[in-house]
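Here's a solo chain for you in structure tokens, the form predicted alone.
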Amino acid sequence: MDQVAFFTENGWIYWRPILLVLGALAAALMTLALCILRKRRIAALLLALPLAVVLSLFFARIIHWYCRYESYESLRAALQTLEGGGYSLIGAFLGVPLALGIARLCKLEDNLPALLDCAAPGAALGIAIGRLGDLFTYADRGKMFVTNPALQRLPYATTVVNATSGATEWRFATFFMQSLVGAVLFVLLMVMFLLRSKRRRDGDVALIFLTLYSISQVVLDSTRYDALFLRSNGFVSLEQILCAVVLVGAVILLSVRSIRNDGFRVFHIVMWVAALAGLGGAGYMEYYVQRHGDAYMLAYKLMTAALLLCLLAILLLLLVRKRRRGRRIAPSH
């Protein structure tokens, strides 16, 4: 049950939707501010931002209905009201880029990667604020019990009332950790956005955001006891699958860019092997943690290490450039 923020004459308002709205507003205002700073066309945002809200809510509801169809009478019922049921954050990762792409198609902005760069820090800030709303609910807590009294506090754990026994349980604070990840990403992305570099291309800030966020969510989504799964798959969550797709896509994109700039090298093969080994290791540890429920800490440490190997490969593909030696021409006599 959600915690009530305050009562009104017509009912009550919960904390969770308040923080979700604040997160969305913070993301929109930050995106607008960065677009102004980079002198992008404001007309594009005037179309994209309200469209992004509509599309994000639509996709978020559709995805949640698909994964949790038993919570709804029908798809039509799920779309007719914003109350009840739930939403998937994945919807925002579909709705926002699509809205910005529509603005680009309408020729209100000619540089979509630059728009995505402006939206990335705001997205991280919105996640940091919006995820705090789950501290005021009894849903979506981590599946790991925290028995060490020294860790029975934020940011490690939060309380949940067991619906069956009524007992208070300390569980891993999954969503608070996601909020912290969003805050850290916001700071990193702002530094990257503000520090101009000749080697950085438009779209790199958004690419780094998607990469780092995907790395974190592969682990954190595994800690949830109510992660969203495909109807035909109860092993790897939908969010983990999409995060893996993002990481593979980043490797492919950066590999193509690197090969075009410097030509094909053994370096690329090494990076591909490292990235695939990292993703494969993370996948195996997901299998392991589901078969050995008492080995959470070991599994998630090894999963994180494997994903950091994948991250290292992606960063090296982004940053490493072949040194080109200029030819020395002998002076003529």
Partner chain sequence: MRKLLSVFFGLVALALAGLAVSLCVYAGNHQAVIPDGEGGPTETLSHFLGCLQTGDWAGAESLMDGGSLGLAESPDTEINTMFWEAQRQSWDFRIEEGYTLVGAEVQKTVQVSGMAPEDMAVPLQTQVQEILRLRTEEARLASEIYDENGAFRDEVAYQALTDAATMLLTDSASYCRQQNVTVRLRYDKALGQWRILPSEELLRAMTGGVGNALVQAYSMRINNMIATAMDGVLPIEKVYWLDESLVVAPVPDLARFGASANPADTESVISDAAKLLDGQEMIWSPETKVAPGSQVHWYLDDTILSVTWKQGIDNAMYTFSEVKIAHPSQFRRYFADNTFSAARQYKPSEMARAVNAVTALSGDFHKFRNLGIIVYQRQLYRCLGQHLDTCMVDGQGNLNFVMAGELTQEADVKAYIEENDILFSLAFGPVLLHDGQRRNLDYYLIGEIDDYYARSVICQIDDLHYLLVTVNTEAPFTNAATAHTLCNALEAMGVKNAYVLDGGQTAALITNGKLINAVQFGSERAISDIIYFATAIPSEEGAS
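Here the structure is a predicted model, which means the values were calculated and not measured. Residue numbers count along the first chain shown, from 1.
Only in words, not in the display: the form predicted together with the partner chain, which the text now covers.
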Practice task
Tell me, yes or no, whether Leu307 is in contact with the partner chain in the predicted complex, where a contact means a heavy atom of each within 4.5 Å.
Solution key: no
Exercise for the section: Indicate whether Leu46 is a 4.5 Å heavy atom neighbour of the partner chain in the predicted complex. Expected result: no
Practice task
Evaluate Phe186 for contact with the partner chain in the predicted complex, applying a 4.5 angstroms cut-off between non-hydrogen atoms, and reply yes or no.
Solution key: yes
Exercise for the section: Find out whether any non-hydrogen atom of Phe58 is located within 4.5 angstroms of the partner chain in the predicted complex, and reply yes or no. Expected result: no
Exercise for the section: Check, residue by residue, if Gln3, Met30 and Ala33 all come within 4.5 Å of the partner chain in the predicted complex, counting heavy atoms only. Expected result: yes
Practice task
Look at the stretches 68-76, 247-255, 202-210, 215-223 and give the one with heavy atoms within 4.5 Å of the partner chain in the predicted complex.
Solution key: 68-76
Problem - Heavy atom within 4.5 Å of the partner chain in the predicted complex - the one residue of Leu100, Cys118, Ala157, Ile129 that qualifies - result: Ile129
Completion exercise
Answer key: of Leu238, Ala114, Leu94, Leu135, within 4.5 Å of the partner chain in the predicted complex (heavy atoms) is Leu135
Fill in the blank from the handout: Contact check, 286-310 vs the partner chain in the predicted complex, heavy atom within 4.5 Å, ordered by sequence, gives Tyr287, Gln290, Arg291, His292, Gly293, Asp294
